[in-house]
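Below you will find one chain, with nothing else, as structure tokens; this is the form predicted alone, and questions on how it binds or moves follow later.
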């Protein structure tokens, strides 16, 4: 766990980890597979990465970009995780650009999940759970990560790579990678910022009472996890 004074500093460390993982994966396997997330936390990371990309020494054509989850909306919709990443990062990367594996949120949820699973099977070993080089995640104030929310039966998805879910409290259909996929990443990075996340961060990391939350389940079953927090998000750690 690393705590930074500002959101920008936490994001800068995330960029450093991203580029290091990319160089290592390209040297070892000839490609770098990464899954991105949406929300507010990765915005400064995307911006910093776009600025550094031209001089990063990365073969971006060998980078495969996926998503941890997506809302069931068209790719140009204001709430699309793809649109966020495309506007801030993907459209600004040097040519030859990365290989994009978008979740087709404009399809019916189950169809979108099936298409994404098929893409994952083509991109990784067909009969195996995908192993990403890196997955960038956040957490919600309720302890969700990707689109795995408290109260969901996560075990029922154990044999799937991606599933369609309906989040009742948000009235939102989504497609998400499953817990086994998230937890098998070679490097899992949780970037969590803002005072609104302080209570859940303290519960998960500080007081160790949060093992029931999807975020803590994923983190606890992963071999390599890095938590990047700003001071506001880390403010409750160590307090009852």
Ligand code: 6PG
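Positions refer to the first chain, counted from 1. All values reported here derive from a predicted model rather than from experimental measurement.
This protein has a second form, the form predicted together with 6-phosphogluconic acid, left out of what is shown; the following refers to that one.
Asks: In terms of non-hydrogen atoms within 4.5 angstroms, which of the given stretches 180 to 188, 51 to 59, 22 to 30, 38 to 46 touches 6-phosphogluconic acid in the predicted complex?
Replies: It is the stretch 38 to 46.
Asks: Looking at 92, 160, 71, 102 here, can you tell me which has any non-hydrogen atom within 4.5 angstroms of 6-phosphogluconic acid in the predicted complex?
Replies: It is 71 that has a heavy atom within 4.5 Å of the partner.
Asks: Quick one: does residue 140 come within 4.5 Å of 6-phosphogluconic acid in the predicted complex, counting heavy atoms only?
Replies: Taking the distances in the predicted complex, the answer for residue 140 is yes, it comes within 4.5 Å of 6-phosphogluconic acid.
Asks: Please check if residue 135 has a heavy atom lying within 4.5 Å of any heavy atom of 6-phosphogluconic acid in the predicted complex.
Replies: Answer no; every heavy atom of residue 135 is more than 4.5 Å from 6-phosphogluconic acid in the predicted complex.
Asks: Relative to 6-phosphogluconic acid in the predicted complex, which residues of 165 to 194 have a heavy atom no more than 4.5 Å away?
Replies: Heavy-atom contacts to 6-phosphogluconic acid in the predicted complex: only 174.
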